[in-house]
Ligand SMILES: Cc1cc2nc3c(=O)[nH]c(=O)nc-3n(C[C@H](O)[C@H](O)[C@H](O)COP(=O)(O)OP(=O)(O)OC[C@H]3O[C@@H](n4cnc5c(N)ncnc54)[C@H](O)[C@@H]3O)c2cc1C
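So this first bit is one chain, no partners, the form predicted alone, shown in structure tokens.
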Amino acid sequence: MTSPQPDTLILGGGLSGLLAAWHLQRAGRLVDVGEASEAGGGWVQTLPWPGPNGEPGHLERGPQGLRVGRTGALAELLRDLDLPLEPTTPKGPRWVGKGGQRRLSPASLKGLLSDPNLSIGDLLRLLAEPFIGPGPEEENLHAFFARRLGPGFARECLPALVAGVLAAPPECLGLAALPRLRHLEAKGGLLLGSLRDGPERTRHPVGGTGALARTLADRLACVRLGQRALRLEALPDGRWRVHGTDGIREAATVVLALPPAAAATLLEGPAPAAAQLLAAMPALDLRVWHSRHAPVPGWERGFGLLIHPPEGRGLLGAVALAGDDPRGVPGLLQVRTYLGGAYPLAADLTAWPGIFQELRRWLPELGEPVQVREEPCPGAFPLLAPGHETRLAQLDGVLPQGLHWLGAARSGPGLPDLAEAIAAWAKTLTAT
């Protein structure tokens, strides 16, 4: 007996494609997922990296952890998958490098109060945040935080925080880059909204962040690896034909869970206007280096460092795993250093010796590495500029019926935001 033909073809087996398949399959759709590479998950992969003597060890290709609250699509997904999470533990120090000095991160109350560049007036302005009303629909991140937390915070604190998370200046990013901000503003502001939502903590699944993608793929049982889509063809009956390296497949619905450039290539023939809009969406390249060092007293719980641009000359920051993190190698401090994005790299920061010298400027306690590994991340960060929602509306208006485009470049790079957006999209699709 032949198996029934899928009614939905998903092109791309990164986390976006896996999430789309998960929701559609649970709604009763017959789904097929094709992934060009030999591993699903996209950037959400935990890769093996043995220690200097062959000890078991791993690194994260993408996110170090998952920001999980009590509610929301990501929390619900983790419960549905019954995916165990490592227990929460205290974090080590968090710093910002600014003015040639390392100081406490302004993301904490203590760091804010001790920031020498914030005046008493700036601190008092922060207290007014709950009384600030909603802003305009089109607003960049600098304007949003200046309006809600005051120009002092936006000038002195925000650049390092945004560069370390989104790899771009806050003036170049719209609110679509951090969709949660609008959600919190609708709930009364950043403070009141966070209190009403409850706390969020960064966790990682047992086996690393990549365990989320692996578990999804295993549960779906419809992911075909090493299968690249080459061309899309519209059929007279309204269905779609996908020509790929594994042959030809047809379905009523095709979901392009691909980066904008890859999706644009497939749409050049059947939807040139959509292809043009997607091709115009910029993506940022990131340089990531992983290194292992001797432990440093006081850093047993890891650390986080963000550099205030442009002082890092392209170095955005670094983060270290806790000493007992199962992804690391016992007895060694594992550090992840990231550079580039929208910020130009100084000539001496293109290879590890110069990078390590710059890193030691901010972390003089850090000893010479015993292991180093580079993991380039080309196109890893979408640049969601102001007006992104308008461009998405234009794109949806020219996409032919039966074609959909999903991904971090649509919803923002945060995994919680991606999970929320795809869950909402799938609910709308399956309700029609």
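Residue numbers here begin at 1 and follow the sequence given. Fair warning: this is a prediction, and the values are worked out from it, not measured in the lab.
FYI, the form predicted together with the named molecule isn't displayed, but the following is about it.
Among the residues 170, 205, 152, 259, the one placing a heavy atom within 4.5 Å of the named molecule in the predicted bound form is 259.
This chain is drawn without the named molecule; in the predicted bound form, the residue among 288, 216, 322, 329 with a heavy atom within 4.5 Å of it is 288. In the predicted bound form, at least one heavy atom of residue 377 sits within 4.5 Å of a heavy atom of the named molecule.
Among heavy atoms of residue 398, none comes within 4.5 Å of the named molecule in the predicted bound form.
At least one heavy atom of residue 381 is located within 4.5 Å of the named molecule in the predicted bound form. In the predicted bound form, no heavy atom of residue 27 sits within 4.5 Å of the named molecule. With the named molecule omitted here, the record of contacts in the predicted bound form names 30-38 of 48-56, 30-38, 366-374, 386-394, defined by a heavy atom within 4.5 Å. With contact defined as any non-hydrogen atom lying within 4.5 angstroms of the named molecule in the predicted bound form, the contacting residues in 39-53 are 41, 42, 43, 44, given in sequence order.
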